[in-house]
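Quick setup: one chain, the form predicted alone, written in structure tokens, and binding and motion questions come after.
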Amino acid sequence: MNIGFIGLGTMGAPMARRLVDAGHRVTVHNRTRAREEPLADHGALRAATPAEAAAGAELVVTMVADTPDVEEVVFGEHGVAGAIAAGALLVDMSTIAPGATRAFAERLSAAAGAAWLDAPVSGGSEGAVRGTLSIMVGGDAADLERARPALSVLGSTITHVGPTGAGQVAKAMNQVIIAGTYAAVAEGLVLGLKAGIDVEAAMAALAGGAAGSWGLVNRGPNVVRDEYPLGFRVRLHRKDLGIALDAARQLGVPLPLAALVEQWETGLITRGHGDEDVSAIGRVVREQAGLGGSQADEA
């Protein structure tokens, strides 16, 4: 396929690389243009603007940070909407507000005659590198089949969850569950640390039982070591929780645990930990238990 790919951050860059490796003709664009260079060295073409990336593409993928960023790359000056072909397909893999997604899809259809899928992902940077992401897709089922040759390179689970905007609702659900999972993992592990038991051994035992989860296995060691190498940034997860909490308020759904974790993450961001992995929630629980903070906090 001829694919335009816009957004080469922690997730987008390895995703675009996988598409190149799979033999697709990929034209990349990123606001910070230097991030295009490794992809160009790997065989991608470079575009000076989102419009240039979209010109002639059958499929345009956007993977940017937030709702205003999607609006800018699609509808701003030199945006995708000014160049995408009628009948082409835009697949937004960012995590943005469901209501904005529905509005953007209608706007793109009216302006350019192009279709829209919302297809946010879960699985972290590891999943982006390995092509094992879980992809939650909202939009027309026939459009999903058109996009499947590209999406199958990026994810091992591709699920159509409903009409336009439904993918973003599913991603909001995902981020709420992650918030609770990471908080519970941190609390459980800190209990073991304070008790002085072999927590590494305990994690292995827990992973084989009802408490086993991706978060425990892949992020529990971060809490034990009090080190949080980047998988998915705290500040982006806090942004996603804001989307989920806004949707919950509109629907009359109380999310007290998600609201608590959002407060914890706001504190972490204020203290300079916004670009660490979201498992840095463990810092908060460790500190509340008297296990101390980071060197940066103590300085």
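Worth saying up front: this structure is predicted, and the values here are computed from it rather than measured. Don't overthink the numbering: it's just position in the shown sequence, from 1.
Not pictured, yet referred to below: the form predicted together with a further copy of the same chain.
Heavy atoms within 4.5 Å of a further copy of the same chain in the model of the complex belong, among the stretches 82 to 90, 145 to 153, 189 to 197, 104 to 112, to residues of 189 to 197. A single residue from the set 221, 99, 212, 76 has any heavy atom within 4.5 angstroms of a further copy of the same chain in the model of the complex; that residue is 212. Not one of 35, 48 and 55 comes within 4.5 Å of a further copy of the same chain in the model of the complex, counting any heavy atom. The closest non-hydrogen atom of residue 182 lies within 4.5 Å of a further copy of the same chain in the model of the complex. Contact check for residue 258: a heavy atom falls within 4.5 Å of a further copy of the same chain in the model of the complex. When contacts are judged by a 4.5 Å heavy atom cut-off, residue 177 counts as touching a further copy of the same chain in the model of the complex.
By the criterion of a heavy atom within 4.5 Å, residue 253 is counted among the residues contacting a further copy of the same chain in the model of the complex. Along 163 to 177, a non-hydrogen atom within 4.5 Å of a further copy of the same chain in the model of the complex is carried by 166, 169, 170, 172, 173, 174, 176, 177, in order along the sequence.
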